[in-house]
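What follows is a single chain, given as structure tokens, in the form predicted on its own.
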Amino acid sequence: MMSGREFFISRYQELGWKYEDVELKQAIRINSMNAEKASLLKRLESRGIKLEKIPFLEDGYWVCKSEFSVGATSEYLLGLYSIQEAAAQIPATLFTGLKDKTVLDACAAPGGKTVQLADLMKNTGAIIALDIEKRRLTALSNQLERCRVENTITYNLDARQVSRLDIKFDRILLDVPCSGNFATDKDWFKRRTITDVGRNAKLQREILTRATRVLKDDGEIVYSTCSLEPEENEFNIDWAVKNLNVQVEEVRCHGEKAPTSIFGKHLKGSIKNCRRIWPGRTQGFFVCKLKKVCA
């Protein structure tokens, strides 16, 4: 049967990771356009919130101790920081030269990465943030307002229809819908099958295809998922390299190099430039950066 705990765990072992139970740590990210880091850290410490610097992130901190929700402080409500999972803070940091750029956040809700992009851009340029579900745009809009984001326009639009906007983008973030992983869902092994994975992989390739059509010649795409399944990660990027006139750029970030030989399939050597993050203190994650191959 192509599902169940043992089926998926055996796949992870074949990929080089031995399954272990994980306990994720809550993380926050300081919004540097709204807050001075040292001052904010001192304020939070005075409230009894104990933080630990996340070593692979510039503005990320694990919440080690707090007697109340870190989403209920005045500092949070004022947009001085965001609650954002540690691995999820990585993709936006992989772009080069975001200031004054035109950026697409193709699957934006609930908005954590959109706010982070605006923060990295210092509210310059323009972000076009899309989501297919109208109700999710409410959460996105609330995030943008709370964090005083001024450079973002939201659209209730399927990312596969992005060409309707008639805009070419300098940078595109594709944090695509995916199968997720067991670290964030205790019932994941019961609910997921390899059929789900294949369906999501197909959707992701469709989004990738449409995104490359609206990317400027010198533009960059950052592709990420919180899936551990190679069909949604390495296989999709290998397919993109072979079919979409893009190349995988080397990135320096947390995680290990992605494998180039998986389940008997040999992938392009450049797939090693992708990063695979196995669950631990963070959730599982996959991320890579793509650039167009200019003729």
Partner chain sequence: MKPITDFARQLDSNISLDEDLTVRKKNRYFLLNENLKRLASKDFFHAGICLGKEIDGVFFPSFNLLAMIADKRANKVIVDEKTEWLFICGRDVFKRGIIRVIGSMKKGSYTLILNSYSECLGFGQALSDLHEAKEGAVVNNILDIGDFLRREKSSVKTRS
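Residue numbers count along the first chain shown, from 1. Just so it is clear, the model here is predicted, and its values are computed rather than measured.
Here the subject shifts to the form predicted together with its partner chain, a form of this protein not shown in this document.
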* **Options 184-192, 67-75, 197-205, 221-229; stretch whose heavy atom lies within 4.5 Å of its partner chain in the predicted bound form** => 67-75
* Asked: Tell me, which of Leu165, Val214, Ile132, Leu120 has a heavy atom within 4.5 angstroms of its partner chain in the predicted bound form?
  -> Leu165
* Quick one: of Thr152, Ser82, Gln89, Ser179, which gets a non-hydrogen atom within 4.5 angstroms of its partner chain in the predicted bound form? -> Thr152
* To do: May I ask you to check whether Arg210 falls inside a 4.5 Å heavy atom distance of its partner chain in the predicted bound form?
  => no
* To do: Report yes if any heavy atom of Lys37 sits within 4.5 Å of a heavy atom of its partner chain in the predicted bound form; otherwise report no.
  => no
* Asked: Is there a non-hydrogen atom of His254 within 4.5 angstroms of a non-hydrogen atom of its partner chain in the predicted bound form?
  -> no
* Give a yes or no for Thr93: in the predicted bound form, does one of its heavy atoms lie within 4.5 Å of a heavy atom belonging to its partner chain? => no
* To do: Between 132-149 and its partner chain in the predicted bound form, list the residues on our side with a heavy atom within 4.5 Å.
  => Lys134, Arg135, Leu137, Thr138, Ser141, Asn142, Leu144, Glu145, Arg146, Arg148, Val149
